[in-house]
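Here you get one chain, nothing else, as structure tokens; it is the form predicted on its own.
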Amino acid sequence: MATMSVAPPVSGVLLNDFSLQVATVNGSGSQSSNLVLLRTIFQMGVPISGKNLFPSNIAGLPTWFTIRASRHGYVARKKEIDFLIAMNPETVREDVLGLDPGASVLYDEPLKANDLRHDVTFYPVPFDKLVAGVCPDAKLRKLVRNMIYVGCAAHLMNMEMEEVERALRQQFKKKQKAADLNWGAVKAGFDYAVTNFPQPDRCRLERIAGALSKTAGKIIIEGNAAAALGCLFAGVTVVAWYPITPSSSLCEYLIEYLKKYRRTPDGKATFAAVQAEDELAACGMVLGAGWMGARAMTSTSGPGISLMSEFVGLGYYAEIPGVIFDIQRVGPSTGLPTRTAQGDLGFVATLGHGDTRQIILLPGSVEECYEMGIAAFDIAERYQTPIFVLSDLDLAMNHWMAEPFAYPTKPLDRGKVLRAEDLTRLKGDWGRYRDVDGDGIGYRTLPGTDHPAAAFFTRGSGHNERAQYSEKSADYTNNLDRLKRKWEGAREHLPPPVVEHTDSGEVAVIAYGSTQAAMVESLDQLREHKINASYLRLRAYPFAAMVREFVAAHQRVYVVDQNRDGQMFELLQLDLGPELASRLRSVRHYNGLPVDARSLTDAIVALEGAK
């Protein structure tokens, strides 16, 4: 019989409010077990998020999966781990020693984790013995044994076994035999825990039922899957891509959606999906399709953006629509390819040699990954330019709770397109790069338009308003000035910032992207420190006028970046000018882990104390 060691009590029960981490190795089949735990908590009405920290190399290296359960609705990573499931001998020492006093550890008995310290509660479990009793096939035991800890955790945390089984069978869906085998392992773990650990742990669950449920009607989805749905509803017909972590799953999801929903009644595909030889070629295909009038996209990460820069410059100067999703990871170079960051912002803002200004969308939730996945194509065609959607690994590849997505009802915006009847009315007198409306956007035609005046040249070299080759200084400066006027005009037509005003006129915070989840929690923590901060979340670049108004209304404005150099901080300084820029303070998080609220709170409190 196992001997449970109990730490001296340091706090009360953590009811529906704790962080659970599973430490295993890559390729051990733990993901299914972890998702069963995640869905069980969700099905009990408790808000959750799930984050997978996985290695960039081969199977057998450490991996951690963290589940945040919060009755308050907080879904950012929690800095502290309250309950650890330790299955990896390579990391058990570091994992256990990194816990705060009073934490709990469920571990594989041979690891002898209880020898490491005496101020946490230990639950040793003989996994190999238990799995041998439920899985006759020795080859399968490696995969099934992880379900033992699901059963143990279910007892210790008061999970409802009916919900555990429902989550498990959802995970294996039509694989009845596999589901039955894994359910047997769950029950074995549960029975063992009941016998050997009769008292529940301080990390405890209690169903939030009925109208009080905070998960009823909601879904769990990754940001890349949400973005792919947005692209589908936006009418994308061309997908060109090259695989790279953490962007690959976006195109993989999208291709599966297209195969299901973009076929004629006789089964013929009405889309093209091409895996190119590299990212540069993928970008070229997107621009070629965009020039032809198709809605086209690609997804990549920082190294791919570097390779795409030449074609992006062509798209900017020749004014060709296309959508590029940049799922950011840690750089420079290969960096940490399976860690999250917001490190491409400064690079993308002016991507392309010479004078370029790019339009960027910044989703802060999976709902916005979907919504901006739709909007990006309208914006690309309205402004006739490549549009960047900057997500990151945390938002894109992790599991988030969301409201079901709204079905789009707004018609597609194809922008300034001249059709045959327009060309007849104009008697052929039009210029592809002529600004007739003062907004910097010229009119274009689509190849195949049945009119002799429909054709035009697309030039990446010097050209005049009729797209004729020109090296005249006046033509060049006029063209660059018009392009900047077009970019400036986009300020008030992109997704606007979201502002939460308070009574404070002194302190404010500006953040963007996946920082949103941590910032919501941090604002509550700041109030505990008597810091009542206003909050503005940026959703696009160039910045709307209200950003300047927001900064002008506060004395100190903290700008939160998930990068070393404070790239959004720097862009805001450039945009606001010296007087308002002096009000900005930089808060940076760049260790590769999803940002947590406590780190932001501590940084702002320290800076406020030093003001």
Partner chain sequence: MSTTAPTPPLVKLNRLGLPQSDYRGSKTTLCAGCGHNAISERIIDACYEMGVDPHRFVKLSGIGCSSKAPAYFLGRSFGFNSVHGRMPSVATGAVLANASLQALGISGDGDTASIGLGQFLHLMRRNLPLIYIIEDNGVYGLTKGQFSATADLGAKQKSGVINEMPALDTCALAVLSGATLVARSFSGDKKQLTAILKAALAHRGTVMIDVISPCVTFNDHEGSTKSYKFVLEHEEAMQELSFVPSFEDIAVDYDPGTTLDVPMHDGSHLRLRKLGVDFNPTDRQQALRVLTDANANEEVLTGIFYVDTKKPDFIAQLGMVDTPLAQLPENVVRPAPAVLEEVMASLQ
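Being a predicted model, the structure only gives us computed values, none of them experimental. Positions refer to the first chain, counted from 1.
Unshown form predicted in complex with its partner chain; subsequent notes refer to it.
Participant: Pick the stretch from 335-343, 144-152, 309-317, 354-362 whose residues have a heavy atom within 4.5 Å of its partner chain in the predicted complex.
Facilitator: After filtering at 4.5 Å, what remains is 309-317.
Participant: Phe42 near its partner chain in the predicted complex, any heavy atom under 4.5 Å?
Facilitator: Phe42: yes, in contact with its partner chain in the predicted complex.
Participant: With heavy atoms only and a cut-off of 4.5 Å, decide whether Lys416 touches its partner chain in the predicted complex.
Facilitator: Output for Lys416 is no: heavy atoms all beyond 4.5 Å of its partner chain.
Participant: Mark Arg425 yes when one of its heavy atoms lies within 4.5 Å of a heavy atom of its partner chain in the predicted complex, and no otherwise.
Facilitator: No, Arg425 stays farther than 4.5 Å from its partner chain in the predicted complex.
Participant: Decide whether Ser473 counts as a contact residue for its partner chain in the predicted complex under a heavy atom distance cut-off of 4.5 Å.
Facilitator: No.
Participant: Just to be sure I understand the contacts: of Phe197, Phe456, Trp487, Phe172, which is the one whose heavy atoms reach within 4.5 angstroms of its partner chain in the predicted complex?
Facilitator: By the 4.5 Å heavy-atom cutoff, the listed residue in contact is Phe456.
Participant: Note which of Trp183, Phe190, Tyr74, Trp430 lies within 4.5 Å of its partner chain in the predicted complex, where distance is taken over heavy atoms; exactly one does.
Facilitator: By the 4.5 Å heavy-atom cutoff, the listed residue in contact is Trp430.
Participant: In the predicted complex, do His493, Ala517 and Ala597 all reach within 4.5 Å of its partner chain through at least one heavy atom apiece?
Facilitator: Heavy-atom distance to its partner chain in the predicted complex: none of the three under 4.5 Å.
Participant: Using a 4.5 Å cut-off on any heavy atom, which residues of 362-382 would contact its partner chain in the predicted complex?
Facilitator: Counting only heavy atoms within 4.5 Å of its partner chain in the predicted complex, the contacting residues of 362-382 are Tyr370, Ile374.
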